[in-house]
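Shown next are two forms of a single protein chain, provided one at a time as C-alpha coordinates under the names structure 1 and structure 2.
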Structure 1
Amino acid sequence: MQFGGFGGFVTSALIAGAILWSFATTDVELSRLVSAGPRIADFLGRMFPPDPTVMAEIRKGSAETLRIAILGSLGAVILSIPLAILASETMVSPAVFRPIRTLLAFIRAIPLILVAMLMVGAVGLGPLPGIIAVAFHATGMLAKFYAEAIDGVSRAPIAALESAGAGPLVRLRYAIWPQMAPVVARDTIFRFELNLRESLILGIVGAGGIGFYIQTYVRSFQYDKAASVTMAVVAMVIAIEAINVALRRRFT
(Lines of atoms letter the chains of each structure in order from A and count residues from 1; the text may use other names and numbers.)
(Lines give C-alpha, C1' and ligand atoms only; values in the text may rest on other atoms or scores of the structure.)
Protein backbone atom coordinates (compact mmCIF):
# COMPACT_ATOMS: atom_id res chain seq x y z
CA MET A 1 0.00 0.00 0.00
CA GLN A 2 1.25 3.46 -0.90
CA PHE A 3 0.61 6.50 1.24
CA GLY A 4 1.12 9.63 -0.80
CA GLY A 5 -0.56 12.94 -1.51
CA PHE A 6 -3.65 14.26 0.17
CA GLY A 7 -5.36 10.84 0.38
CA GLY A 8 -2.34 9.49 2.21
CA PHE A 9 -2.42 12.37 4.65
CA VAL A 10 -6.13 11.85 5.39
CA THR A 11 -5.57 8.10 5.93
CA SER A 12 -2.66 8.73 8.33
CA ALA A 13 -4.63 11.37 10.23
CA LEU A 14 -7.59 9.00 10.61
CA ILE A 15 -5.43 6.15 11.91
CA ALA A 16 -3.61 8.48 14.36
CA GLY A 17 -6.97 9.89 15.48
CA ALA A 18 -8.39 6.43 16.12
CA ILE A 19 -5.38 5.41 18.23
CA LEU A 20 -5.44 8.65 20.28
CA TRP A 21 -9.21 8.33 20.81
CA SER A 22 -8.79 4.77 22.08
CA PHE A 23 -6.11 5.83 24.58
CA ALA A 24 -7.99 8.88 25.74
CA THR A 25 -11.31 7.16 26.34
CA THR A 26 -10.12 3.85 27.79
CA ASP A 27 -8.97 3.45 31.35
CA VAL A 28 -5.44 2.50 30.39
CA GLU A 29 -3.08 3.58 33.09
CA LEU A 30 0.40 2.64 31.99
CA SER A 31 1.59 3.18 35.54
CA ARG A 32 -0.67 0.36 36.67
CA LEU A 33 0.91 -1.96 34.12
CA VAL A 34 4.34 -1.10 35.53
CA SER A 35 3.35 -1.50 39.16
CA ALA A 36 1.58 -4.75 38.29
CA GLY A 37 4.91 -6.24 37.27
CA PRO A 38 5.46 -8.17 40.48
CA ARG A 39 1.85 -9.30 40.53
CA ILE A 40 2.08 -10.69 37.00
CA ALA A 41 5.31 -12.43 37.97
CA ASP A 42 3.56 -13.89 40.99
CA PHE A 43 0.65 -14.99 38.84
CA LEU A 44 2.95 -16.68 36.33
CA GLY A 45 4.90 -18.16 39.22
CA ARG A 46 1.81 -19.78 40.60
CA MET A 47 1.23 -21.42 37.21
CA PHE A 48 4.52 -23.25 37.66
CA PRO A 49 5.09 -26.04 37.98
CA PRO A 50 1.90 -27.04 36.09
CA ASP A 51 -0.10 -29.52 38.07
CA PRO A 52 0.11 -32.88 36.31
CA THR A 53 -2.67 -34.44 38.40
CA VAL A 54 -5.31 -33.03 36.08
CA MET A 55 -4.51 -35.52 33.27
CA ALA A 56 -7.88 -37.22 33.75
CA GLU A 57 -9.74 -33.92 33.36
CA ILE A 58 -7.65 -33.01 30.31
CA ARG A 59 -8.41 -36.35 28.70
CA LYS A 60 -12.10 -36.06 29.45
CA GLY A 61 -12.28 -32.43 28.29
CA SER A 62 -10.32 -33.02 25.07
CA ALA A 63 -12.45 -36.03 24.18
CA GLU A 64 -15.56 -33.93 24.67
CA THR A 65 -14.14 -31.07 22.57
CA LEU A 66 -13.30 -33.57 19.84
CA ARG A 67 -16.83 -34.96 19.97
CA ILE A 68 -18.30 -31.44 19.78
CA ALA A 69 -16.13 -30.65 16.75
CA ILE A 70 -16.95 -33.94 15.00
CA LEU A 71 -20.70 -33.82 15.60
CA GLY A 72 -20.85 -30.07 14.96
CA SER A 73 -19.01 -30.53 11.66
CA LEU A 74 -21.32 -33.40 10.73
CA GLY A 75 -24.31 -31.18 11.43
CA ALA A 76 -22.79 -28.39 9.34
CA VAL A 77 -22.17 -30.75 6.40
CA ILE A 78 -25.76 -32.03 6.55
CA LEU A 79 -27.19 -28.49 6.71
CA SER A 80 -24.81 -27.24 4.02
CA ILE A 81 -25.79 -29.73 1.32
CA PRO A 82 -29.34 -28.45 0.71
CA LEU A 83 -28.37 -24.84 1.50
CA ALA A 84 -25.48 -24.98 -0.99
CA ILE A 85 -27.83 -26.15 -3.74
CA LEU A 86 -30.20 -23.29 -2.88
CA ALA A 87 -27.27 -20.81 -2.79
CA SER A 88 -25.88 -21.88 -6.15
CA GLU A 89 -26.19 -19.53 -9.12
CA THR A 90 -26.31 -22.43 -11.53
CA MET A 91 -28.90 -24.62 -9.81
CA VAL A 92 -31.63 -22.17 -8.84
CA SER A 93 -32.96 -18.75 -9.89
CA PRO A 94 -31.71 -15.45 -8.40
CA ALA A 95 -34.99 -15.18 -6.47
CA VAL A 96 -33.82 -18.20 -4.47
CA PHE A 97 -30.02 -17.94 -4.26
CA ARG A 98 -29.87 -14.21 -3.39
CA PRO A 99 -31.85 -14.44 -0.11
CA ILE A 100 -30.13 -17.71 0.82
CA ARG A 101 -26.70 -16.12 0.29
CA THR A 102 -27.72 -13.16 2.43
CA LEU A 103 -28.91 -15.54 5.13
CA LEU A 104 -25.57 -17.38 5.06
CA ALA A 105 -23.69 -14.07 5.33
CA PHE A 106 -25.74 -13.22 8.43
CA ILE A 107 -24.96 -16.61 9.98
CA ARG A 108 -21.25 -16.10 9.30
CA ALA A 109 -21.37 -12.69 10.92
CA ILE A 110 -22.44 -14.05 14.32
CA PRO A 111 -19.39 -15.11 16.37
CA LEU A 112 -19.39 -18.74 17.51
CA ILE A 113 -19.02 -17.84 21.18
CA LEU A 114 -22.16 -15.70 20.96
CA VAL A 115 -24.15 -18.50 19.33
CA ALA A 116 -22.87 -20.85 22.05
CA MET A 117 -24.01 -18.48 24.82
CA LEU A 118 -27.47 -18.25 23.27
CA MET A 119 -27.64 -22.04 22.89
CA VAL A 120 -26.62 -22.57 26.53
CA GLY A 121 -29.53 -20.32 27.40
CA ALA A 122 -31.84 -22.28 25.14
CA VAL A 123 -30.89 -25.92 25.89
CA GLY A 124 -28.82 -25.71 29.10
CA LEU A 125 -25.19 -26.49 29.96
CA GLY A 126 -23.14 -29.29 28.41
CA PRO A 127 -21.85 -30.37 25.01
CA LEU A 128 -25.24 -30.21 23.25
CA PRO A 129 -25.34 -26.39 22.96
CA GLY A 130 -21.72 -26.53 21.77
CA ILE A 131 -22.58 -29.02 19.02
CA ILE A 132 -25.58 -26.97 17.88
CA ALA A 133 -23.55 -23.75 17.94
CA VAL A 134 -20.68 -25.24 15.89
CA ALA A 135 -23.10 -26.76 13.36
CA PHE A 136 -24.95 -23.46 12.97
CA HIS A 137 -21.89 -21.23 12.83
CA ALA A 138 -19.90 -23.47 10.44
CA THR A 139 -22.84 -23.79 8.03
CA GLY A 140 -22.52 -20.10 7.17
CA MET A 141 -19.10 -20.73 5.68
CA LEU A 142 -19.42 -24.32 4.50
CA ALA A 143 -22.65 -23.85 2.52
CA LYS A 144 -21.07 -20.86 0.79
CA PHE A 145 -17.95 -22.87 -0.07
CA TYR A 146 -20.03 -25.81 -1.35
CA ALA A 147 -22.16 -23.44 -3.47
CA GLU A 148 -19.00 -21.96 -4.98
CA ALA A 149 -17.77 -25.49 -5.69
CA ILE A 150 -21.04 -26.29 -7.50
CA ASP A 151 -20.77 -23.12 -9.58
CA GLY A 152 -17.08 -23.63 -10.32
CA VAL A 153 -17.32 -26.87 -12.30
CA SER A 154 -17.07 -27.16 -16.07
CA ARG A 155 -20.50 -26.73 -17.71
CA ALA A 156 -20.02 -28.92 -20.79
CA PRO A 157 -20.59 -32.32 -19.12
CA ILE A 158 -23.71 -30.94 -17.45
CA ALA A 159 -25.12 -29.84 -20.80
CA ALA A 160 -24.26 -33.29 -22.18
CA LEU A 161 -26.24 -35.04 -19.45
CA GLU A 162 -29.14 -32.66 -19.92
CA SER A 163 -29.09 -33.44 -23.63
CA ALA A 164 -29.26 -37.14 -22.73
CA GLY A 165 -32.42 -36.50 -20.72
CA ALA A 166 -31.04 -36.43 -17.15
CA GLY A 167 -32.91 -34.29 -14.58
CA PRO A 168 -31.30 -31.61 -12.37
CA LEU A 169 -30.54 -33.82 -9.35
CA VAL A 170 -29.18 -36.58 -11.55
CA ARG A 171 -26.94 -34.02 -13.25
CA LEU A 172 -25.79 -32.83 -9.83
CA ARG A 173 -24.93 -36.39 -8.88
CA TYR A 174 -23.12 -37.49 -12.06
CA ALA A 175 -21.80 -34.34 -13.76
CA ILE A 176 -21.28 -31.82 -10.95
CA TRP A 177 -20.43 -33.96 -7.91
CA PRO A 178 -17.48 -35.85 -9.46
CA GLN A 179 -15.95 -32.53 -10.48
CA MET A 180 -16.49 -30.80 -7.14
CA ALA A 181 -15.64 -33.70 -4.81
CA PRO A 182 -11.97 -32.78 -4.21
CA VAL A 183 -12.93 -29.18 -3.46
CA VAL A 184 -15.60 -30.34 -1.02
CA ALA A 185 -13.14 -32.65 0.73
CA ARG A 186 -10.61 -29.83 1.09
CA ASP A 187 -13.19 -27.30 2.32
CA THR A 188 -14.68 -29.76 4.80
CA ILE A 189 -11.29 -30.62 6.33
CA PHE A 190 -10.46 -26.91 6.54
CA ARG A 191 -13.76 -26.18 8.32
CA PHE A 192 -13.29 -29.15 10.66
CA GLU A 193 -9.93 -27.76 11.72
CA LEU A 194 -11.53 -24.39 12.47
CA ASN A 195 -14.36 -26.11 14.36
CA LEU A 196 -11.92 -28.02 16.51
CA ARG A 197 -9.87 -24.92 17.30
CA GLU A 198 -12.89 -22.76 18.03
CA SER A 199 -14.64 -25.37 20.18
CA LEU A 200 -11.63 -25.54 22.53
CA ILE A 201 -12.90 -22.39 24.25
CA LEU A 202 -16.64 -23.15 24.16
CA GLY A 203 -16.49 -24.53 27.70
CA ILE A 204 -15.85 -21.01 28.97
CA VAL A 205 -19.50 -20.17 28.33
CA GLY A 206 -20.65 -23.57 29.57
CA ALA A 207 -21.05 -25.21 26.16
CA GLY A 208 -18.91 -28.24 26.92
CA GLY A 209 -15.35 -29.38 26.23
CA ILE A 210 -11.91 -28.66 27.64
CA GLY A 211 -12.50 -24.90 28.00
CA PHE A 212 -14.76 -25.67 30.96
CA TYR A 213 -11.75 -26.74 33.04
CA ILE A 214 -9.71 -23.63 32.21
CA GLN A 215 -12.58 -21.48 33.35
CA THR A 216 -13.16 -23.57 36.53
CA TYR A 217 -9.49 -23.54 37.58
CA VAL A 218 -8.96 -19.83 36.88
CA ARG A 219 -12.07 -18.93 38.87
CA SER A 220 -10.91 -21.05 41.82
CA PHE A 221 -7.35 -19.64 41.65
CA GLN A 222 -5.86 -23.05 40.81
CA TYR A 223 -3.47 -21.52 38.29
CA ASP A 224 -1.14 -24.52 38.18
CA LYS A 225 -4.02 -26.69 37.01
CA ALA A 226 -5.17 -24.00 34.55
CA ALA A 227 -1.62 -23.95 33.17
CA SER A 228 -1.68 -27.70 32.56
CA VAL A 229 -4.96 -27.46 30.69
CA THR A 230 -3.71 -24.46 28.68
CA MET A 231 -0.62 -26.41 27.68
CA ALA A 232 -2.81 -29.30 26.61
CA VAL A 233 -4.87 -26.91 24.47
CA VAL A 234 -1.74 -25.50 22.84
CA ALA A 235 -0.50 -29.04 22.18
CA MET A 236 -3.83 -29.91 20.58
CA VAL A 237 -3.81 -26.84 18.32
CA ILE A 238 -0.31 -27.71 17.15
CA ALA A 239 -1.34 -31.33 16.55
CA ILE A 240 -4.42 -30.22 14.57
CA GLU A 241 -2.23 -27.95 12.49
CA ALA A 242 0.25 -30.75 11.76
CA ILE A 243 -2.47 -33.24 10.82
CA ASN A 244 -4.11 -30.66 8.59
CA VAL A 245 -0.87 -29.88 6.77
CA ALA A 246 -0.43 -33.59 6.12
CA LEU A 247 -4.03 -33.94 4.89
CA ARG A 248 -3.79 -30.89 2.68
CA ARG A 249 -0.74 -32.34 1.01
CA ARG A 250 -2.77 -35.41 0.11
CA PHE A 251 -5.53 -33.37 -1.48
CA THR A 252 -3.44 -31.18 -3.74
Structure 2
Amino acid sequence: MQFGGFGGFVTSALIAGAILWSFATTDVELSRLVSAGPRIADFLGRMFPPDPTVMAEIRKGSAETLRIAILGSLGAVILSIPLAILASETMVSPAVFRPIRTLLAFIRAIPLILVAMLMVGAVGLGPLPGIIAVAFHATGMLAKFYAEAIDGVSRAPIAALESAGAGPLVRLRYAIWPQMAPVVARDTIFRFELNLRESLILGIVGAGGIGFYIQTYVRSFQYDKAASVTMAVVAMVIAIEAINVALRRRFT
Protein backbone atom coordinates (compact mmCIF):
# COMPACT_ATOMS: atom_id res chain seq x y z
CA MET A 1 0.00 0.00 0.00
CA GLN A 2 2.83 2.36 0.89
CA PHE A 3 4.56 1.50 -2.37
CA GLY A 4 1.34 2.23 -4.24
CA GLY A 5 1.04 5.62 -2.56
CA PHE A 6 4.65 6.43 -3.36
CA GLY A 7 4.16 5.31 -6.94
CA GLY A 8 1.14 7.58 -7.27
CA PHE A 9 3.14 10.51 -5.89
CA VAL A 10 5.98 9.87 -8.35
CA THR A 11 3.53 9.67 -11.25
CA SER A 12 1.85 12.92 -10.24
CA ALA A 13 5.24 14.62 -9.84
CA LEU A 14 6.33 13.45 -13.31
CA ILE A 15 3.11 14.73 -14.91
CA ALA A 16 3.42 18.09 -13.10
CA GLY A 17 7.07 18.32 -14.13
CA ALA A 18 6.20 17.60 -17.77
CA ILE A 19 3.54 20.32 -17.75
CA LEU A 20 5.87 22.89 -16.17
CA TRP A 21 8.67 21.96 -18.58
CA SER A 22 6.30 22.39 -21.54
CA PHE A 23 5.23 25.85 -20.36
CA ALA A 24 8.78 26.94 -19.61
CA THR A 25 10.38 25.79 -22.87
CA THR A 26 7.62 26.51 -25.41
CA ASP A 27 7.72 29.86 -27.16
CA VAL A 28 4.11 30.83 -26.42
CA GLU A 29 3.18 34.47 -25.95
CA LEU A 30 -0.40 34.93 -24.79
CA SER A 31 -0.19 38.59 -25.80
CA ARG A 32 -0.01 37.46 -29.43
CA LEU A 33 -3.32 35.65 -29.02
CA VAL A 34 -4.93 38.79 -27.62
CA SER A 35 -3.54 40.96 -30.42
CA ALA A 36 -4.75 38.44 -33.02
CA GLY A 37 -8.37 38.94 -31.93
CA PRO A 38 -9.22 41.52 -34.62
CA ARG A 39 -7.64 39.37 -37.34
CA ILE A 40 -9.58 36.32 -36.20
CA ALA A 41 -12.79 38.37 -36.17
CA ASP A 42 -12.03 39.60 -39.69
CA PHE A 43 -11.35 36.04 -40.87
CA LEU A 44 -14.63 34.79 -39.40
CA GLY A 45 -16.45 37.76 -40.86
CA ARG A 46 -15.31 36.82 -44.35
CA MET A 47 -16.78 33.34 -43.88
CA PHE A 48 -20.33 34.60 -43.37
CA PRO A 49 -22.68 34.32 -44.95
CA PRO A 50 -21.58 30.99 -46.51
CA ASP A 51 -21.72 30.76 -50.28
CA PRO A 52 -24.42 28.25 -51.37
CA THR A 53 -23.21 28.16 -54.98
CA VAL A 54 -20.69 25.40 -54.21
CA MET A 55 -23.28 22.70 -53.55
CA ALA A 56 -22.21 20.77 -56.65
CA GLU A 57 -18.62 20.66 -55.39
CA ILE A 58 -19.82 19.67 -51.93
CA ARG A 59 -21.85 16.76 -53.31
CA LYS A 60 -18.95 15.62 -55.48
CA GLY A 61 -16.39 15.88 -52.66
CA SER A 62 -18.67 14.21 -50.11
CA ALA A 63 -19.37 11.29 -52.45
CA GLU A 64 -15.65 10.86 -53.14
CA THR A 65 -14.88 10.98 -49.41
CA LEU A 66 -17.50 8.30 -48.77
CA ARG A 67 -16.05 6.10 -51.53
CA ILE A 68 -12.55 6.47 -50.09
CA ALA A 69 -13.77 5.44 -46.64
CA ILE A 70 -15.79 2.47 -47.91
CA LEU A 71 -13.09 1.04 -50.20
CA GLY A 72 -10.32 1.79 -47.70
CA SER A 73 -12.26 0.04 -44.94
CA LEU A 74 -12.95 -2.94 -47.21
CA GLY A 75 -9.26 -3.23 -48.00
CA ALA A 76 -8.40 -3.01 -44.30
CA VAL A 77 -10.85 -5.78 -43.41
CA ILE A 78 -9.47 -8.06 -46.14
CA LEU A 79 -5.89 -7.47 -44.98
CA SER A 80 -6.74 -7.69 -41.28
CA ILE A 81 -8.35 -11.13 -41.33
CA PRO A 82 -5.19 -13.16 -42.12
CA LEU A 83 -3.00 -10.82 -40.09
CA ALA A 84 -5.28 -11.19 -37.08
CA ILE A 85 -5.04 -14.96 -37.26
CA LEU A 86 -1.25 -14.73 -37.44
CA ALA A 87 -1.23 -12.23 -34.55
CA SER A 88 -3.37 -14.38 -32.26
CA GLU A 89 -1.67 -16.47 -29.60
CA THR A 90 -4.69 -18.76 -29.68
CA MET A 91 -4.08 -19.69 -33.31
CA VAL A 92 -0.30 -19.70 -33.80
CA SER A 93 2.95 -20.07 -31.88
CA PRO A 94 4.88 -17.17 -30.26
CA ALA A 95 7.46 -17.37 -33.05
CA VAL A 96 4.73 -16.25 -35.45
CA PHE A 97 2.42 -13.91 -33.52
CA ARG A 98 5.15 -11.80 -31.90
CA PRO A 99 6.71 -10.56 -35.18
CA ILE A 100 3.24 -9.96 -36.63
CA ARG A 101 2.22 -7.89 -33.60
CA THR A 102 5.42 -5.87 -33.98
CA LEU A 103 4.55 -5.27 -37.63
CA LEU A 104 1.04 -4.09 -36.71
CA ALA A 105 2.46 -1.75 -34.07
CA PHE A 106 4.79 -0.32 -36.71
CA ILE A 107 1.85 0.29 -39.07
CA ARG A 108 -0.14 2.03 -36.32
CA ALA A 109 2.84 4.27 -35.52
CA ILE A 110 2.87 5.83 -39.01
CA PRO A 111 0.51 8.85 -39.23
CA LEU A 112 -2.22 8.56 -41.84
CA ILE A 113 -1.40 11.93 -43.37
CA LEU A 114 2.21 10.80 -43.93
CA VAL A 115 1.05 7.61 -45.65
CA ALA A 116 -1.29 9.69 -47.83
CA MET A 117 1.55 12.04 -48.82
CA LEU A 118 3.77 9.10 -49.75
CA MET A 119 0.98 7.51 -51.80
CA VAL A 120 0.29 10.78 -53.61
CA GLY A 121 3.96 10.89 -54.55
CA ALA A 122 3.85 7.25 -55.67
CA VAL A 123 0.58 7.00 -57.61
CA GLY A 124 -0.41 10.64 -58.19
CA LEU A 125 -3.34 12.81 -57.17
CA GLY A 126 -6.88 11.57 -56.75
CA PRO A 127 -8.81 9.13 -54.56
CA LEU A 128 -6.54 6.11 -55.16
CA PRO A 129 -3.77 7.27 -52.78
CA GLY A 130 -6.44 8.05 -50.20
CA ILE A 131 -7.92 4.58 -50.47
CA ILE A 132 -4.49 2.95 -50.15
CA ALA A 133 -3.55 5.17 -47.19
CA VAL A 134 -6.80 4.44 -45.32
CA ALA A 135 -6.54 0.69 -45.96
CA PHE A 136 -2.91 0.55 -44.85
CA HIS A 137 -3.36 2.66 -41.74
CA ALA A 138 -6.61 1.02 -40.62
CA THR A 139 -5.13 -2.46 -40.96
CA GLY A 140 -2.78 -1.84 -38.04
CA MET A 141 -5.70 -1.19 -35.72
CA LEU A 142 -8.28 -3.62 -37.11
CA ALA A 143 -5.92 -6.60 -37.17
CA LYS A 144 -5.00 -5.88 -33.55
CA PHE A 145 -8.66 -5.67 -32.54
CA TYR A 146 -9.52 -8.88 -34.41
CA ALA A 147 -6.60 -10.74 -32.81
CA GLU A 148 -7.68 -9.57 -29.35
CA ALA A 149 -11.22 -10.74 -30.12
CA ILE A 150 -9.87 -14.19 -31.03
CA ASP A 151 -7.78 -14.38 -27.86
CA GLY A 152 -10.67 -13.18 -25.69
CA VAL A 153 -13.10 -16.02 -26.44
CA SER A 154 -13.94 -18.84 -24.05
CA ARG A 155 -11.49 -21.74 -24.24
CA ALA A 156 -14.01 -24.52 -23.53
CA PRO A 157 -15.43 -24.88 -27.08
CA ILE A 158 -11.92 -24.67 -28.51
CA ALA A 159 -10.65 -27.40 -26.19
CA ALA A 160 -13.62 -29.60 -27.11
CA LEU A 161 -12.83 -29.34 -30.82
CA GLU A 162 -9.12 -29.85 -30.19
CA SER A 163 -9.86 -33.08 -28.33
CA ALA A 164 -11.85 -34.22 -31.36
CA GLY A 165 -8.85 -33.55 -33.63
CA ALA A 166 -10.13 -30.37 -35.28
CA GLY A 167 -7.59 -28.16 -37.03
CA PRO A 168 -7.06 -24.40 -36.54
CA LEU A 169 -9.48 -23.31 -39.27
CA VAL A 170 -12.24 -25.59 -37.98
CA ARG A 171 -11.73 -24.24 -34.47
CA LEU A 172 -11.88 -20.71 -35.83
CA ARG A 173 -15.09 -21.35 -37.76
CA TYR A 174 -17.11 -23.26 -35.17
CA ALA A 175 -15.67 -22.32 -31.75
CA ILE A 176 -14.12 -18.87 -32.10
CA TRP A 177 -16.12 -17.00 -34.75
CA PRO A 178 -19.57 -17.35 -33.11
CA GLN A 179 -18.15 -15.78 -29.94
CA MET A 180 -16.15 -13.00 -31.57
CA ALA A 181 -18.61 -11.94 -34.31
CA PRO A 182 -20.34 -9.19 -32.26
CA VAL A 183 -16.97 -7.76 -31.21
CA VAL A 184 -15.70 -7.81 -34.78
CA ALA A 185 -18.83 -6.03 -36.01
CA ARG A 186 -18.51 -3.37 -33.31
CA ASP A 187 -14.82 -2.75 -33.99
CA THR A 188 -15.30 -2.67 -37.76
CA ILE A 189 -18.09 -0.10 -37.49
CA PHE A 190 -15.96 2.00 -35.16
CA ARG A 191 -13.02 1.89 -37.54
CA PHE A 192 -15.21 2.77 -40.52
CA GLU A 193 -16.42 5.86 -38.68
CA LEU A 194 -12.82 6.79 -37.94
CA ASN A 195 -11.83 6.17 -41.57
CA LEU A 196 -14.61 8.43 -42.79
CA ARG A 197 -13.58 11.19 -40.41
CA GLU A 198 -9.95 10.90 -41.50
CA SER A 199 -10.91 10.80 -45.18
CA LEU A 200 -12.40 14.27 -44.80
CA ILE A 201 -8.93 15.81 -44.56
CA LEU A 202 -6.99 13.68 -47.03
CA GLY A 203 -7.76 16.10 -49.84
CA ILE A 204 -5.50 18.64 -48.16
CA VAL A 205 -2.50 16.62 -49.39
CA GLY A 206 -4.11 15.77 -52.74
CA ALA A 207 -5.49 12.34 -51.82
CA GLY A 208 -9.05 13.07 -52.90
CA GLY A 209 -12.20 13.90 -51.00
CA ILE A 210 -13.92 17.03 -49.78
CA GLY A 211 -10.79 18.29 -48.04
CA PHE A 212 -9.42 19.26 -51.45
CA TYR A 213 -12.09 21.95 -51.78
CA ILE A 214 -11.40 23.34 -48.32
CA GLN A 215 -7.73 23.70 -49.21
CA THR A 216 -8.53 25.27 -52.59
CA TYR A 217 -10.95 27.85 -51.23
CA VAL A 218 -8.80 28.84 -48.24
CA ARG A 219 -5.70 29.27 -50.40
CA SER A 220 -7.64 31.43 -52.84
CA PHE A 221 -9.14 33.49 -49.98
CA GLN A 222 -12.69 32.40 -50.82
CA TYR A 223 -13.61 32.04 -47.19
CA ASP A 224 -17.38 32.11 -47.76
CA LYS A 225 -17.07 29.02 -49.96
CA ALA A 226 -14.72 27.39 -47.44
CA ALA A 227 -17.39 28.02 -44.79
CA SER A 228 -19.99 26.18 -46.87
CA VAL A 229 -17.71 23.17 -47.28
CA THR A 230 -16.83 23.25 -43.57
CA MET A 231 -20.52 23.23 -42.62
CA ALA A 232 -21.00 20.23 -44.92
CA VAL A 233 -18.13 18.44 -43.17
CA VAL A 234 -19.68 19.14 -39.76
CA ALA A 235 -23.03 17.81 -40.99
CA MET A 236 -21.34 14.65 -42.30
CA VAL A 237 -19.56 14.04 -38.99
CA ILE A 238 -22.81 14.43 -37.04
CA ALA A 239 -24.61 12.04 -39.40
CA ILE A 240 -21.74 9.54 -39.17
CA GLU A 241 -21.90 9.63 -35.39
CA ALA A 242 -25.66 9.04 -35.35
CA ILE A 243 -25.44 6.12 -37.78
CA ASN A 244 -22.52 4.62 -35.88
CA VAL A 245 -24.42 4.73 -32.58
CA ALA A 246 -27.44 3.05 -34.19
CA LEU A 247 -25.33 0.30 -35.77
CA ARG A 248 -23.38 -0.36 -32.58
CA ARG A 249 -26.63 -0.75 -30.65
CA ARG A 250 -27.80 -3.17 -33.34
CA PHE A 251 -24.70 -5.41 -33.09
CA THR A 252 -24.08 -5.23 -29.33
Partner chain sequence: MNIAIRINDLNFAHPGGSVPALERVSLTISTGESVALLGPSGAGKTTLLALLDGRLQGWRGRVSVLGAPLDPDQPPPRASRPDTGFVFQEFALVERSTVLRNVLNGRLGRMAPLRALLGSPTPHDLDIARTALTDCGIADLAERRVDSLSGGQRQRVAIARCLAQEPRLILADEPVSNLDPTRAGEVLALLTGAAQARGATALFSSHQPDLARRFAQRIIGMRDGRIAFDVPTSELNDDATAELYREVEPLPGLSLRAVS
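Counting starts at 1 with the first residue of structure 1 and goes up one by one along its sequence. Whichever C-alpha set is largest while still superposing within 1.5 Å between the two forms counts as the rigid core. Since the structure is predicted, the reported quantities are computational estimates derived from the model, not experimental observations.
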Note to self: form predicted alone is structure 2
If I split this chain into two rigid parts that move between structures 1 and 2, would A24 and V77 end up in the same one? no
Domain rotation angle of the smaller rigid part between structures 1 and 2, rounded to whole degrees, is 18
Cα of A18, core superposed, displaced between structures 1 and 2 by (Å) 5.9
